[in-house]
Each structure stands twice: as C-alpha cells, then as structure tokens.
Ligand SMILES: C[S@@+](CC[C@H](N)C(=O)[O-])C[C@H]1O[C@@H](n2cnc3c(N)ncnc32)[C@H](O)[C@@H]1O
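Before any questions on how it binds or moves, here is one chain, the form predicted on its own, in structure tokens.
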Amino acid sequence: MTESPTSRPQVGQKVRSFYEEMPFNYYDSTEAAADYIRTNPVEASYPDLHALLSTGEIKTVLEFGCGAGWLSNSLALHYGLMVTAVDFTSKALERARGVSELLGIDDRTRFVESNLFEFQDSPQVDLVISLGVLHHTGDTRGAFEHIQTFAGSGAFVYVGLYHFYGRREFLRIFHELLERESEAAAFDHYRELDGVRQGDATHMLSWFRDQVLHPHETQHTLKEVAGWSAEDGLSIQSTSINGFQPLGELEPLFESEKEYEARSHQANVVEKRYFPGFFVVMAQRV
C-alpha cells in the first residue's frame, strides 16, 4: 500500500476513534491486566529484548503506541526501568495508569497522551520501542524516522510490524469470511485459532477487532526496515525472521522471509493455529 504524509490526519482520526471504542490488548478489569503483567510476557514473546534488558545497561525507555500499557508496565515492573509511554487514546491510557498504580510502579512510568508524530516531550533514551503501531499511522516510514530520533548514541530501537508475506494468508481468510458470511462468523473462527486468550471475553474481542477489523494497516519486510535503519544510522541486531538467532549476512534473510506466506498457510489453514504475520526487529545506533 502506498502511503503519504498527507494521509496522516485522516488515518489518525479513524484509528483513534477505533481504539477509543475498545483499545487493543484490553482486559475485562484492571486486576486481570495486572495479573498478566506479573507473568512477565516480555521474556517469552521477545527473547532478544529480554536479553538486552537483563544486561542492566538499559535505564530509560520511550514507547510509542503503548495502548493499555502492558509492555511499559512490564518493563517498569520486571526490569526496574524508567518508562515514558505515548498513546493518543485516552481510554487506553486511563487503563495503563490504573494498572501502573495497582502494581505500585507509577513512580517509574509516565503516560503521555499525544499523536506519535507530534510528540517531542522527551530527551534521548536508551531504548525506543513501538510494537504493532507504525503500520497503523498512514506513514510508516515517516513514523519510524520520527521515533528513532529519540534513540541516543549506542541506543536501541525495537519495532514490530505486520509482515508483507506473512500477513497475506491471515487477511485472505478473514476478509473472505467477512464478505461471504458475517463479522460474527469471522469472530467465531478467530476464537478457534487463538488459544491464548480464551479466559477473558473482553481481551479476546479486543484482539479480534485489532487483527481483523482495523480501519488501516500496511505490511512491510525486514529488507524494508533494514533500508530505513541504514538511512537513519542504525544497524540491525536481531529479528524474529530468523527466530532471534545470531545474525550473519542479511541478504539470505531477505530471501527466506518470502517463505512467511507458506508458514502462515501451514499455521492458519492446516494446523488451525493463530499466526497473524507479525515480525520484530532490533536495531542499534552506530
């Protein structure tokens, strides 16, 4: 999908309204959200990020698109970090602050209501994070360009995006269900695939809406992000594309990521297992 900075305001308005109705990763209660964070979801989901944070070298973090605050609050609770978290959805930020207070970490978290492109209220930090956000902005490249400016010398940038190849099969399945049957049918199928969020109906619905009904998204590749990073003085350090294994030359990974479409088909169709087509990349200021 071709994007342009001129589309930012229209996309931003649609996305904000969508999330004000129900934020992503939203639990039925503040207590349920806090219970999830106590399990440290970072360690299992993002092992390279966990390894970086476990060194003790990271002290300050800036997260863009924090939503209901699961990641920011996890970083403050389990790694003792000072976290500034930005989102433009007041309902999500209200929950994020409530969870932070319940966990007793509100002295280490600062939640700021702001559009990503307009945010300036932060010095450079050790780690900039944005997971599942930039592809919803209407200008993914411009969003990446903006957030990386807050990463200081030697600092890290950690982003998660929908994958160009890995996302195709998931979207095909659900778009066909929506067109051929109904939203209810699509939701029923989503619940069959997603075995993780069965215990909280609100949480499940928030994921379904985000993954299937979102008003705007684009898809990207590791090759694309590597190009952005090089232009901005960043060097790729790790990625989920190769299972977070040590990096060698990137060119073979650019070829292997084309196999993500087949992996998505195997998971979503053959195994009937949730595979949304999402990847993460860690880069460092060189």
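Residues carry their position along the shown sequence, with the first being 1. If you're wondering where the values come from, they're calculated on a predicted model, not measured in any experiment.
One more form of this protein exists, namely the form predicted in complex with this ligand; it is left out here, but the text below deals with it.
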* this ligand in the model of the complex: contacting segment from 111 to 119, 170 to 178, 149 to 157, 188 to 196, heavy atom within 4.5 Å -> 111 to 119
* **T89, heavy atom within 4.5 angstroms of this ligand in the model of the complex** => yes
* Asked: With a 4.5 Å heavy atom cut-off, would you call S100 a contact of this ligand in the model of the complex?
  -> no
* **Any non-hydrogen atom of Y27 within 4.5 angstroms of this ligand in the model of the complex** => no
* Asked: Closest heavy atom of I37 to this ligand in the model of the complex, within 4.5 Å or not?
  -> no
* **Partner contacts in the model of the complex for 62 to 77 (non-hydrogen atom within 4.5 angstroms of this ligand)** => E63, G65, C66, G67, W70
